[in-house]
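The chain that follows stands alone, in the form predicted alone, written as structure tokens.
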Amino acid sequence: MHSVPMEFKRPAAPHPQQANWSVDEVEALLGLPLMELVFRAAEIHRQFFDPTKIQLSTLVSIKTGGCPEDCGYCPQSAHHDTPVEDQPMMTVAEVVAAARQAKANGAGRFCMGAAWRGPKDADLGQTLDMVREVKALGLETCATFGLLRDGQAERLKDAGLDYYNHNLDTAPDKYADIIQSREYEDRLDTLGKVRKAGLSVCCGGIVGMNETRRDRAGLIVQLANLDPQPESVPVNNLVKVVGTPLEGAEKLDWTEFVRTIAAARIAMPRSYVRLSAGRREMDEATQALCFLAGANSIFYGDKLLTTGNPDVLADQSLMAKLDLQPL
């Protein structure tokens, strides 16, 4: 059994630019009795957001498979023998058609992902028209293309990109257990380039990778102490794919996932906290508790890059039951 530090008194709304959370503080927060933790997170959520509103994003893989990175969770890695096959980049017309459908279904943001370590300039050039065309539809635009080199974030910004997604994945001390082909500092360097270009940041991580509660606290601390904090924080629950090193990872108890959502909300009160990968494996009650604990964004659509997601009708039904409205 974990201890229940009811005496934890961290201020409800830390400074928006520099929170200075410690791992000990967040670990203590995660150790609160679950209902107390959810209550505190719900209170803070209502200080900064309308709890009846939810932000809907759709994520499409514009270039699937063949990634040279060795991320232990990823079925798109060329290092792993998985069912995912290398596919050519989608055309601009295909991406625009997907974006139109996402908008028709109610999504407000359209995210484009590519299985690259980082884009070559020629690759990036092909995506700029996609960004421009999607932006012209009246959607917010987001991209996740891996590590960026100097000047690339500025090109994306000029094309109309609003958000760049680059997740930290896990705590610094856990990182080498998951990924060996890049360093933690590489991720922070790309986030710095994104901020310098004036783009908004979408940055979160993955839980359920055999990490400890303290590791989860370490991830939240890294995110919360970014200056400024990320505008969007996707929290992924590992989807175990055959052929990846983490296919046999121990299943994370649903209460630990809810605790992670609540702690993220308290530590990052002004950020959108998104239920991301793994949501299809959650029942409606667990998702509802996550929304109560401060989640206010979901990925919306039947697929997230290569893994399944609840279909649109199922999400619309759940939102109706919970009286949630799209932003």
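Residue numbers here begin at 1 and follow the sequence given. The structure presented is a predicted model; accordingly, all values stated were derived computationally and were not measured.
The same protein has a further form, the form predicted in complex with a small molecule, not shown here; the description that follows concerns it.
Based on heavy atom distances of at most 4.5 Å to the small molecule in the model of the complex, which listed stretch, 193 to 201, 253 to 261, 123 to 131, 139 to 147, is the contact stretch?
Correct option: 139 to 147.
With heavy atoms only and a cut-off of 4.5 Å, decide whether Phe110 touches the small molecule in the model of the complex.
Output for Phe110 is no: heavy atoms all beyond 4.5 Å of the small molecule.
Check Arg216 for me: does it contact the small molecule in the model of the complex (non-hydrogen atoms, 4.5 angstroms)?
Outside the cut-off, so no.
Quick check on Leu161: any heavy atom within 4.5 Å of the small molecule in the model of the complex?
So Leu161 does not count as contacting the small molecule.
With the partner left out here, check for me: in the model of the complex, does some heavy atom of Ala115 sit within 4.5 Å of the small molecule?
Flag for Ala115 set to yes.
Exactly one residue in Leu156, Ala102, Leu238, Leu223 has a non-hydrogen atom within 4.5 Å of the small molecule in the model of the complex; which is it?
Contact with the small molecule in the model of the complex is made by Leu238 alone.
Among Thr82, Gln152, Asn167, Gln229, which has at least one heavy atom within 4.5 Å of the small molecule in the model of the complex?
By the 4.5 Å heavy-atom cutoff, the listed residue in contact is Asn167.
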